[in-house]
Ligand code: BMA
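Encoded as structure tokens, the following chain is the form predicted alone, with no partner shown.
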Amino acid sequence: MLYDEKYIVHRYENNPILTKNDFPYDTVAVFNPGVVKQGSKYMMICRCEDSSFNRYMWVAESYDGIKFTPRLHPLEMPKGDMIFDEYVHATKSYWDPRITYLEGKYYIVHAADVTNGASCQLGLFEIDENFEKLVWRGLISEPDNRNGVLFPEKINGKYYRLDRPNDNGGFDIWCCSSPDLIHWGNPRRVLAKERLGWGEKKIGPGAVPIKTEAGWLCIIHGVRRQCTDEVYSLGVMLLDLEDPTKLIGYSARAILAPEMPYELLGQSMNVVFTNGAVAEDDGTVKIYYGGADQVICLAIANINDLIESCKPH
């Protein structure tokens, strides 16, 4: 059937909001940021890469959620931890930080190539409120898992997260729980990629789930094949507040797909990909996303429109 509204997500007219030119040193790409709001201040941790393909997590700050100012230097990686030193390459193997404010602390879940890129696992950092010092908490998933994101509160006494095990080609979204943020179990499949025409090849969690009266609103990504190319788009799903392994609904159509030049052309063609979103008091949601693995962009939606898109039509 045809939908009443063609667009429910609107791009910021002056996208992109951050490019390589906004950063010092040898920076060739900046994309896929995690974002959290501290009072009136927005804190962003960007994924940056240089021409040697070294990766960095770089903090940028804003007071309006639009104009961000990067700091002079990237975050320093923790040193001296045996597991980090053995499994996580200090300049190459971490990316796509997702920031969750949970019980008075800021946590960063990230993907990491481990054992010289033989596999991928989820890692966990804690960072101070000034976003200056990282503390390594460990690898928190089995091998071959990525796109991990923590829920912003305990649910019935347990921590929960979404992730995407590669699962021998499964590429679906799963949810699991933990007593301590380190040991995880009780995995349940939440959404299978076969349900989404715009994500028929693989899907994964995006930004930190947003708590609403209707359920946990989760912005997700999906990948479909177009001839010989992959196209990355965004959608949403809604999970039960008391049991986040229970799916309430999902968007049958993509809410944001690559259309603009900064989304079509870059290191990876045809990509919009999000790690961070901020729900504002006025009912809008700022969605921060990477365009073509090259730049950082902003889109804005009404939270009720996102919820409505998860309902059957």
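Note that this is a predicted model, so its numbers are computed, not measured. Numbering starts at 1 and follows the sequence shown.
Heads up, the form predicted together with this ligand isn't pictured, but that's what we're talking about next.
Chemist: Exactly one residue in Ser62, Thr284, Thr245, Ser268 has a non-hydrogen atom within 4.5 Å of this ligand in the predicted complex; which is it?
Modeler: None of the other options qualify; the answer is Ser268.
Chemist: So which of Lys193, His89, Arg146, Arg137 reaches within 4.5 angstroms of this ligand in the predicted complex, heavy atom to heavy atom?
Modeler: The option sitting close enough to the partner is Arg146.
Chemist: Sort through 233-241, 210-218, 152-160, 93-101 and report the only stretch with a non-hydrogen atom within 4.5 Å of this ligand in the predicted complex.
Modeler: The contacting stretch here is 93-101.
Chemist: Counting only non-hydrogen atoms and a 4.5 angstroms cut-off, does Phe68 reach this ligand in the predicted complex?
Modeler: Phe68: no, not in contact with this ligand in the predicted complex.
Chemist: For Phe273, is any heavy atom within 4.5 Å of this ligand in the predicted complex, or not?
Modeler: Contact with this ligand, yes.
Chemist: With the cut-off set at 4.5 Å between non-hydrogen atoms, does Asp22 touch this ligand in the predicted complex?
Modeler: Close contact is absent here: in the predicted complex, Asp22 is far from this ligand, nothing within 4.5 Å, heavy atoms only.
Chemist: Is there a heavy atom of Asp293 no more than 4.5 Å from a heavy atom of this ligand in the predicted complex?
Modeler: Heavy-atom contact with this ligand at 4.5 Å: present for Asp293.
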